[in-house]
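Read the single chain below, which is given as C-alpha cells and is the form predicted on its own.
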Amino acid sequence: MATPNLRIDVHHVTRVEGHGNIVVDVQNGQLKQCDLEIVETPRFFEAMLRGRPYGESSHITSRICGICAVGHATASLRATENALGVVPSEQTVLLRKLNFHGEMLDSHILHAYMLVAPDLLGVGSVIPLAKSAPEVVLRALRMKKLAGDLCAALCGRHTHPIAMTVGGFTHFPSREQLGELRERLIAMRPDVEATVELFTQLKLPAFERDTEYVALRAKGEYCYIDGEIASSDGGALPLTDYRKVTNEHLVRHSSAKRTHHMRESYMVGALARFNINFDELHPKAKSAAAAIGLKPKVTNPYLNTAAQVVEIVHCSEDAIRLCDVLIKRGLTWEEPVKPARLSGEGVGACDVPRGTLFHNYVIADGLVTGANCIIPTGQNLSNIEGDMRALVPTMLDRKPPEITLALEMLVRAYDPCISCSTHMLNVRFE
C-alpha cells in the first residue's frame, strides 16, 4: 500500500566539515520537497591563505580533510607550481603518484568495509561486524595499515603530510623501504582478491539514474593528478577552465554552494572515473569489474562503492609497478625545484577519493593574495538531491524504515566524508 503522506526530517547528517539536514515531504502521494540542506557555517580556509607565504599553502589546506590530506596537499602544490613556473622532476612525479595510491587505498578500504559493508551484511556498524565477521574487519585493517605505511614512508605521514613541498620532497624513502613496501603490496593481493569476491556476493540496491559524470583524464594512465577535465556527455577542458565546469551557485536551503555543467547536476568520484577512464584501468582491475558486473556506462549511484573496489585493485597493482620503476631508476636526493618567478596564478587538480578537487591561487611577490578551492562533495550535492528526488517516488509503497535505509545507503554511497559517513541518519516520520 502506498504511503500518501510522508515526512522525513533528518537533523543533522554530519558531512564534510559540517552538518546537514535531509528533508523529504510527500503529500497525497506527490513529492513536494526533497532537499539536502547544508547548514554549517563556512570554514574560510581560502581566507586563511591570504597574506601567507606560498610555501605554507599545502600545509594549511591539507587540514581541510583528514582523510584526503594528501589529495589537498598535492592539488595545492600543483596550483602553486603552475602559478610560479615550477616543473617537478620525473622522480617527484613518480613519488607523488605512488603516494596518492596510498591515500586512495586507505580511503576506499575504509569506506567499502567499515561504512558500506555493515549495511549489506545486516548490522548497524563496524562494531557488531567485528564480532559477526571478524575476518572481514581484520582484512580491512591489514590493508589499511599498509596504505598508511606507504604514505608515511613517502611523505612522513598520511594525515597532513609533512615531506611534500613546492618543487619536490624534503624526505625520500630508501631503496630498502621501497622494496619492503613492494613485497607487502604483493603479499596483500589475496586480501584484495577477497575484497573483490566479497563484493561479488553482496547485493547493492537496484536504482538507475543517468547523469553527467566528470573526472580528470590523461592519455596513457588512469588519471588522478593533472590531466584535463572530461565529461561523459562529451568534450574536455583544460584545468584553467574549471569554473566553466563547476559553475558554482547558491540555493536557498543550503549554506554550501552547488555546481552544474551540461546538465542540472553531475557526479564526481570513483564511479565517474570508472565511466570516463575505464580503458586505462589495470587488466586485473578490469577483471575485477567484470566479476562484480560493472561495465561503463554505470548509472546506479549505489555502485560507486563497487567502483571503489575496482580502484583498490588498480591502485594496489599500479603501486607495485611504481615501486619497480623507482627501484630500477634509483632514488636520488633532490633539492626542490626553485620557482621561476614569485608572482602568478595557477590551478591544480587531483581526483581524490571522493572526486575532482580544484585549487586555484593568485600569488604576488611570494604571498597568496587570492584562493579558490572546489571540493568534490560540494560538486556532488546537487546530484545526490537529484537521486533522492528520483528514488523517493519509487518507494512510496514501502514501509518508512525501508525508505530510511535506502536514503541512508544512498548518501553513504557517495562517500561524502569518512568521519561524517559513520553517523547513521536519524529519520523522524510525522
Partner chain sequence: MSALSSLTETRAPELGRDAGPAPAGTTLVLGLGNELRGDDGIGPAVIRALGAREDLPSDVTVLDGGLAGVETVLLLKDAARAIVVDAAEQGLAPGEWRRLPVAAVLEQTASTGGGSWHAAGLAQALALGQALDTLPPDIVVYAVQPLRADFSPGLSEPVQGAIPTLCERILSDLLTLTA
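Residue numbers count along the first chain shown, from 1. What you see is a predicted model; the values in this text were computed from it and never measured.
Beyond the structure shown, there is the form predicted together with the partner chain, which is absent from this document and is the topic of what follows.
Engineer: Just to confirm, residue 153 within 4.5 Å of the partner chain in the predicted complex by heavy atoms?
Structural biologist: Taking the distances in the predicted complex, the answer for residue 153 is yes, it comes within 4.5 Å of the partner chain.
Engineer: Can you tell me whether residue 159 touches the partner chain? I mean in the predicted complex, with a 4.5 angstroms heavy atom cut-off.
Structural biologist: Flag for residue 159 set to yes.
Engineer: Counting only non-hydrogen atoms and a 4.5 angstroms cut-off, does residue 138 reach the partner chain in the predicted complex?
Structural biologist: Within the cut-off, so yes.
Engineer: Could you tell me if residue 127 has a non-hydrogen atom within 4.5 Å of the partner chain in the predicted complex?
Structural biologist: Output for residue 127 is yes: heavy atoms within 4.5 Å of the partner chain.
Engineer: Can you work out which of 110, 298, 86, 117 has a heavy atom no more than 4.5 Å from the partner chain in the predicted complex?
Structural biologist: In short, 110.
Engineer: Let me know the one among 343, 177, 287, 247 whose heavy atoms come within 4.5 Å of the partner chain in the predicted complex, would you?
Structural biologist: Checked against the cut-off, the match is 177.
Engineer: Can you check 376 to 384, 62 to 70, 391 to 399, 26 to 34 and let me know which stretch has heavy atoms within 4.5 Å of the partner chain in the predicted complex?
Structural biologist: Heavy-atom contact with the partner occurs in 62 to 70.
Engineer: From first to last in sequence, which residues of 82 to 109 have any non-hydrogen atom within 4.5 angstroms of the partner chain in the predicted complex?
Structural biologist: Stretch hits: a single one, 106.
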